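Presented below, as structure tokens, is a lone chain in the form predicted alone.
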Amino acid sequence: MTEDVLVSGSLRNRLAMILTGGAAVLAIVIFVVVRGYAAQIAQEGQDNILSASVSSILDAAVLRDGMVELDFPYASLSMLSTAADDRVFYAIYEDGVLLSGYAGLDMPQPGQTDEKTFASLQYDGATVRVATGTRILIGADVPRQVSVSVAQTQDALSETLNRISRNVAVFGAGFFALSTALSFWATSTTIGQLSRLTNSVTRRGPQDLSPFRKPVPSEMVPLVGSLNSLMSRLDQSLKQSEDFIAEAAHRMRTPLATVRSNAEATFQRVENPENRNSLRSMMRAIDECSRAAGQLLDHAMVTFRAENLDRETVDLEEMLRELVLRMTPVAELRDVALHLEGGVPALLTGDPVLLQNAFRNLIDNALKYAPPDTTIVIRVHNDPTLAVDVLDRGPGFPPDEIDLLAGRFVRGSDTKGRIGSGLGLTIAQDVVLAHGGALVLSNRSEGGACATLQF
């Protein structure tokens, strides 16, 4: 019963959310890291080209007659051409004085070394990358410092980064989708272990309290261990209860038989009608108690053996023939005949003690309700499956109670005046269920009841 269980969310959904959220965070981190690394590599590539352009211009500078001369190389700017037609700016300074180019570009501070410097700034309404280099020219009078700054817009770089970003975004989305699918798969696989454990426990019958033996993940070992411990305690408790019932029923039989014998002997000696009626009621009550004790003992025995059947090949027709012979004297006292119909192969692998107990209870149940001068038919047939029918000419089963009569201590509304405990059909049903069959109760069209054990 799951309606009484307190629910605190879904473990499957919780695991899926954690794994999916982790995949989303990881996809975002991958996007940021890859795009940043790509931007760094692309910027380094542009800086290297700008540096080469600055170096080629500086290498062309010479000092002649005290004047700086520079034969501007064409290749120094042509190497900066891009597919996006980025604009290129340059500026050449001599000791801080602009000799040629665009004013306002980044210029080195005094004392700079020959190392190139790079900066990004706004120029002419666009973001440009500027590379600046210096060179000292040694002349006859004083040294001259020549500085060259070359700048380039970053349209091509932006397009490259956008293309990389799109590719990385597509990769990140694919990674997230794959991670999500794997998360749900991993979650289902993990929860599947719990589902299999649940199904295994659910499929067990009420008498199956054996430990759970199938392999489980290490995280589920404490749960399975606790479950096995609980079933072991329940099994021990049930066995103690069944032992008590069996012992109580066994101990009741002997004193009840003694009391029954004494009451019957007294009944033969007493002549007073009132006393005879009292003794007759006493004997009837003793018979009912004795029958109840016997069936309680039978039921306890069936419960014990049903879990571990002592299986062997049984000829049902031969077993029923011996049972009919033993019960014929009882039937004759009630003016009822027992007739066995067989003649078909009736071999069954099962527990002979339990099977005999089930058949005996069905025949005994039929004897209680069969009218005098009638015949109880025990029929063995195997079409379509192996089955044994016990048919009588009694009042039949109450139609509105027929589905409940196999319950423990359940007796029909038409059992007044008949000794019984309500365990006969229960014992028969427990035995046939232990053998993988079913008990079917029905009423005959010509009158009477039919109890069938189907195997």
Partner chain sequence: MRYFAVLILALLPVIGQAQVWEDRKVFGAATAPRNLQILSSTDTSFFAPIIESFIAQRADLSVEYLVTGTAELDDVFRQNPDRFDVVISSAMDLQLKLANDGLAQRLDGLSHPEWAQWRSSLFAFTTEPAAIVINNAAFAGLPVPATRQDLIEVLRANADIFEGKVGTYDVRQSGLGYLFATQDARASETFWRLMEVIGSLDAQLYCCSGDMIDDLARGRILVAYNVLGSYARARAETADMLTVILPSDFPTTMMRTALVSKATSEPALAEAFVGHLIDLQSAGAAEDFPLPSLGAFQDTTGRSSISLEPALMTYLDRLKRQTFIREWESAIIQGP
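Positions refer to the first chain, counted from 1. Bear in mind that the values here come from a model prediction, so they are computed numbers and not experimental data.
One more form of this protein should be noted, the form predicted together with the partner chain, which is absent from this view; the next part is about it.
Peer 1: Quick one: of Phe118, Tyr102, Trp185, Phe171, which gets a non-hydrogen atom within 4.5 angstroms of the partner chain in the model of the complex?
Peer 2: Result of the distance check: Tyr102.
Peer 1: Could you work out which of Leu77, Leu197, Ala346, Leu309 is the residue within 4.5 angstroms of the partner chain in the model of the complex, going by heavy atoms?
Peer 2: If I apply the 4.5 Å criterion carefully, the residue I get is Leu77.
Peer 1: Is there a heavy atom of Val128 no more than 4.5 Å from a heavy atom of the partner chain in the model of the complex?
Peer 2: No, Val128 sits far enough from the partner chain in the model of the complex that none of its heavy atoms falls within 4.5 Å.
Peer 1: Taking 4.5 angstroms as the cut-off for heavy atoms, does Thr153 touch the partner chain in the model of the complex?
Peer 2: Residue-level check for Thr153: yes, a contact with the partner chain.
Peer 1: Just checking whether Pro211 would be counted as a contact of the partner chain in the model of the complex - the rule being heavy atoms within 4.5 angstroms.
Peer 2: Pro211: no contact with the partner chain in the model of the complex.
Peer 1: Report whether the minimum heavy atom distance between Ile92 and the partner chain in the model of the complex is within 4.5 Å.
Peer 2: Yes, contact at 4.5 Å.
Peer 1: Choose one stretch from 64-72, 396-404, 48-56, 35-43: the one whose residues place a heavy atom within 4.5 angstroms of the partner chain in the model of the complex.
Peer 2: Within 4.5 Å of the partner lies stretch 64-72.
Peer 1: Just to make sure I understand: among 80-97, which residues lie within 4.5 Å of the partner chain in the model of the complex, judging by heavy atoms?
Peer 2: Stretch hits, in order: Ser81, Ala83, Ala84, Asp85, Asp86, Arg87, Val88, Phe89, Tyr90, Ile92.
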